[in-house]
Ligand SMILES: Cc1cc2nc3c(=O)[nH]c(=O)nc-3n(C[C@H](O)[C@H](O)[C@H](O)COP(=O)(O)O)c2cc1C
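For reference, the chain that follows is the form predicted on its own, supplied as structure tokens.
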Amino acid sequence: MIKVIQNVMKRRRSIRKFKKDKFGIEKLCSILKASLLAPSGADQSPFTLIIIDNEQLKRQIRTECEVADKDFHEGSPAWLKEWFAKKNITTEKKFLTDAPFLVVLAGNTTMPYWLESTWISIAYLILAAEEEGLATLTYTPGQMKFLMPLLELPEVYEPVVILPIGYPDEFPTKIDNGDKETKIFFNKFGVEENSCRS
């Protein structure tokens, strides 16, 4: 069974180009329900999911995100600016209007472990999307407070991520990991375990 899950994990890619092709809301809801299966602090599932398919609202969100990301890109350290340039990531966020659906996850900040629990649910969701042949991107703009009035979120909620979901219009085949250092150690930092080497 772990091989099946690993294959889904290996196939998954962050997608920034989407076809505008629509698909049924039932398919989307089955993916979103997968996020509710994730473990959470005190078993509270302290997050909510908001589906957005209104074109005007998507354009408003895109406009606000592009403004926020312009400030973020300009204030980024040199190494991150270089990475953006290498990956051709700009402040233009077409995926927010091209993808047929956006899903915003917001966490209830009054609940224990709300942020950790929300991110675990996001992982479940993006893997479920991949399994259904759909693509997404864990997009976190420079700031997301603008979503509060737009989505009429209660004050105790904090937006965590915007997920565009749709059919991919790009097909990256390889993840460029560069020269990533070892991340798995044995008993203490710096001691490698040979059987965990890739």
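Only a predicted model underlies this, so the values are computations on that prediction, with no experimental measurement involved. Just count from 1 along the sequence shown to find any residue number.
Another form, the form predicted together with the named molecule, is not on view; read the next lines as being about it.
Heavy atoms within 4.5 Å of the named molecule in the model of the complex map, among the stretches 27 to 35, 131 to 139, 45 to 53, 163 to 171, onto 131 to 139 alone. Using a 4.5 Å cutoff between non-hydrogen atoms, R13 counts as a contact of the named molecule in the model of the complex. The named molecule in the model of the complex is not approached by Y113, whose heavy atoms all lie more than 4.5 angstroms from it. For the chain shown alone, Y124 is not a contact residue for the named molecule in the model of the complex, no non-hydrogen atom being within 4.5 angstroms. Remark: A85 does not count among the residues lining the named molecule in the model of the complex, judged by a heavy atom distance of 4.5 Å or less.
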